[in-house]
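What follows is a single chain, given as structure tokens, in the form predicted on its own.
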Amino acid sequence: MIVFFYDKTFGGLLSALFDAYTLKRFPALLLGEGEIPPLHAQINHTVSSTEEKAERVFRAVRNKLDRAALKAVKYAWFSESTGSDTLIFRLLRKALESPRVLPLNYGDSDTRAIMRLSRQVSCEKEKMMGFLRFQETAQGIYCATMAPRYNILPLLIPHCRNRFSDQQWIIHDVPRGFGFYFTGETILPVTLEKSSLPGGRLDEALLTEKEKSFSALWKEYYKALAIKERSNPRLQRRCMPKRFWTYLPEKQG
């Protein structure tokens, strides 16, 4: 068994593909740096990830996969699912060795697995677009926290930049500990201090008085809108999964 170790970035994965063709040895398993290989591993190779390698492979792959397949690979990568990198590696290899542009082939088990992951990530992204809540801070920056099942924040940024282009905002992925800050012109990576996120939500002390009043009004509106006789908690949890509630002001208090 051949095992490749890489830095668990997409550029690293592309660099691994570059090394595989250079060495003419293809891994049965991809592991992160420092992970323990199986006892029956015969050859271990550590990938040296470089931008040059990644760019060369990406240009080649882009010419061999159609648009739908490229999107599926992208979304599957952000699923962070165990073994997804190996699936993507195998699909990219098939694309590079194909004599023509490779469309999605549902007869291929790797393609089906990647499409399943892609749909799951896409569904999570669509839900988050509806459940994301911004709150205005004293600095005039709108902030939203989230805890998605998959690493969808990078996929949300283009939508948010277009939708809220006239505001400064921060979106922070609490469990993954990173976020993005839109200055009004550019997107910058940012990390919020854990002390400002009690329970995963933005500390109320950081909010404007106007925002606090608006949140209170929104909660009252949410309660008043509900029809007690038509209450259906089971349906509500299906349409608005409970894991999102922590980050919805209307579900607090």
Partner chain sequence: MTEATMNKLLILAAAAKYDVSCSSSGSSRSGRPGDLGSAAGWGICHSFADDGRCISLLKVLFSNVCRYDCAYCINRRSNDLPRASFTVNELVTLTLGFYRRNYIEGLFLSSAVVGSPDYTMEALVNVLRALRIRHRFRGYIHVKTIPGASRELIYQAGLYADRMSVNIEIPSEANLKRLAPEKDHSSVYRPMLFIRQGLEENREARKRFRHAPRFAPAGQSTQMIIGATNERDKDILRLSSHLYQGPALKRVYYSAFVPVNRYDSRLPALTVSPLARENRLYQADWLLRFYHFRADEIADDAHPDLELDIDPKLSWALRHPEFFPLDPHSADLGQLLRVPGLGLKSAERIIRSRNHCILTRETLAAMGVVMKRARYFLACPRSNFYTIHEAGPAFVRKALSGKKPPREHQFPLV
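Numbering follows the first chain given and starts at 1. Note that this is a predicted model, so its numbers are computed, not measured. Superpose the two forms; the largest set of C-alphas matching within 1.5 Å is the rigid core.
The same protein has a further form, the form predicted together with the partner chain, not shown here; the description that follows concerns it.
**Q** Heavy atom within 4.5 Å of the partner chain in the predicted complex: which of L70, A28, V190, A216 fits that? Just give me the one.
**A** For this set of options, the contacting one is A216.
**Q** From the list T183, S165, S98, Q139, which entry has a heavy atom within 4.5 Å of the partner chain in the predicted complex?
**A** Filtering the options by heavy-atom distance leaves S165.
**Q** Is A20 close enough to the partner chain in the predicted complex to count, meaning some heavy atom within 4.5 Å?
**A** Heavy-atom contact with the partner chain at 4.5 Å: absent for A20.
**Q** Does at least one non-hydrogen atom of A226 fall within 4.5 angstroms of the partner chain in the predicted complex?
**A** Yes, contact at 4.5 Å.
**Q** Test of understanding: in the predicted complex, would R119 fall inside 4.5 Å of the partner chain by heavy atoms?
**A** Contact check for R119: yes, within 4.5 Å of the partner chain in the predicted complex.
**Q** I'd like to check something about E80: if you look in the predicted complex, is any of its heavy atoms closer than or equal to 4.5 Å to a heavy atom of the partner chain?
**A** E80: no, not in contact with the partner chain in the predicted complex.
**Q** Taking R112, E126 and R133 as the candidate spot, are all three within 4.5 angstroms of the partner chain in the predicted complex by heavy atoms?
**A** Yes.
**Q** For the chain shown here without its partner, which stretch in 146-154, 100-108, 173-181, 80-88 has non-hydrogen atoms within 4.5 angstroms of the partner chain in the predicted complex?
**A** This holds for exactly one stretch, 100-108.
**Q** After superposing the rigid core, is the C-alpha displacement of T22 2 Å or more between the shown form and the other one?
**A** Where the cores coincide, T22 shows only a C-alpha shift between the shown form and the other one that is less than 2 Å.
**Q** Does H40 move its CA by 2 angstroms or more between the shown form and the other one when the core is aligned?
**A** Comparing forms between the shown form and the other one, the H40 CA shifts below 2 Å.
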